[in-house]
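In the structure tokens that follow, the same protein chain appears in two forms, which are kept apart as structure 1 and structure 2.
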Structure 1
């Protein structure tokens, strides 16, 4: 394996010489490796084997990432004191001239400069960190608001479209391919009971009250890197950057930053949204976006975490019904455990919704 990885590394225009490689991070989609180079003064790298079952068109996905990172980089270059190697992802080109390579088995690989001295958190334990995360996402959206050229490719069509997600869910129930449906009455009813109210963001879009902008669409907190002093640093995992509503990013960040328990917590008693973390994230986010969001976008920020937590629970549940074909799992009940934890988190948000609305009202 090490030799294979060294061979793949040699196909990229990297600066240092290959020293060591280790599996890295806790993402659910790609296989990510950290490549250490011999020379202390040279960059280390992140090498990724891309999941091309999830992302069907890697050249389009890479085209998006090239455009997005170059745009952010050129903006950062005009801001005195910015550190373009750490505040923005930097793709390393392959010797072929493309930003990816295909190995003998047909797998796609790409490489980024490793961002040194960063902190990545699966769980957030202080309002300060939540605030900085909010700032990072707000800044990211603001930097991309004027990306020139044609719209970005939709790397996963209908990614946060709850109507399509519900259609897929109903199809999976009908197929019941691994015979799990009969044990899931409670979870299925939980989803169906809330299905109608979850269409509100899509409807606002259709009515032209909220615009499609460029959003990240996967602002799970471990995709928001902080620096050594826990200040906003860089947004990573740009595979799903594409047109979307700002609520998707706000919602997904709260789903992870304000949950006091893990995404897949087994003990549902522990799962809860911390309102202080919600408030701090919202303050950070609005400090960067207050001037660019319209009134309706702001009014629905409080609802966004409910929508995204619902969609994630629905997706984990659908994958469980399908027989675990999408997400990486670490044990056989992992997806249903994730779904149950998301549904408990959603209940906690529902209980605190009036307070969430008041907080947004006071900050907007």
Structure 2
């Protein structure tokens, strides 16, 4: 395996001699490796074998990432004191001139410059970290607000489209392929009761009141890199960067950053949104985006975490009804446990929603 990885590494325009390689990170989509170079003064690298079953069109995915990273890099170069190797992902081009290669087995690979001395967190334990996370996501959106050219490719169609998610959910209930529906009356009613309200962001977009823009679409907190002093560096995992509404990024970040429990917490009494973390994240986010968002976008920021938490609970519940065909599970009830935790988090947000709205109003 080491020899194969060294051969693949040699196909990229890396500035350093291959020394060692180890598995890296905890991602479930791609296979990721950390490549150490011999020379201390040279960069190390992240080498990834891409999953072209989840992402059907790797050239389009890579085109998105090339355009986004080059634009962010060009913007950073004009900001005094910026460090483009740490505040932005940097693709390493292949010797072929493309940003990916295909190996002899037909697998796609890409490579990034490794960002040293960073930190990432699954759970957020302080308002300061939440603030820096909000700042990172806001800055990402602000830097890309003027990306020229055609729209980005949709790497996973309808990823946050709640109407499509509800259609899939209703189809799964009708099929009831593994006979689980009869035991899910409470959860199904929970989803259906909120279904109409959850279409508000899509409806605002259709009415032209909020614009489609460039969003990350997977802003869980461990995709945000902080430095050793817990200051914002950059956002990683750009596979889902595509057209979307700013609420998708704000909502998903709050869903993960302001939840005091794990995403799949079994004890629902422990699940709640920390309003102080919400406020700190919103402060950081709006410090970077206040000037690029219109009033309607700002008005609905408080609603965004409710929408994305609803969608995630809906996706977990749908997968449970389907027989656990999408998400990796650790036991037979894992997906329904996840769904219930998300729905309890949503209830916590609903209980605090008036306060969330007041916080946004005071910051915007």
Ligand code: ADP
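Positions refer to the first chain, counted from 1. On a predicted model such as this, the values are computed, not experimentally measured, just so you know. C-alpha atoms forming the largest set that superposes within 1.5 Å between two forms make up the rigid core.
Student: Only one of these is the form predicted alone, so let me know which.
Tutor: Structure 2.
Student: Does residue 145 shift between the two structures by 2 angstroms or more at the C-alpha, the core having been superposed?
Tutor: After core superposition, the C-alpha of residue 145 moves less than 2 Å between the two structures.
Student: Would you tell me if residue 299 moves between the two structures by 2 Å or more at its C-alpha, with the rigid core held superposed?
Tutor: Shift at residue 299: below 2 Å after core fit.
Student: On a rigid core superposition, would residue 310 pass a 2 Å threshold for CA movement between the two structures?
Tutor: Where the cores coincide, residue 310 shows only a C-alpha shift between the two structures that is less than 2 Å.
Student: Rigid core superposed: how many angstrom does the CA of residue 17 shift between the two structures?
Tutor: Residue 17 C-alpha displacement between the two structures, core-aligned: 4.2 Å.
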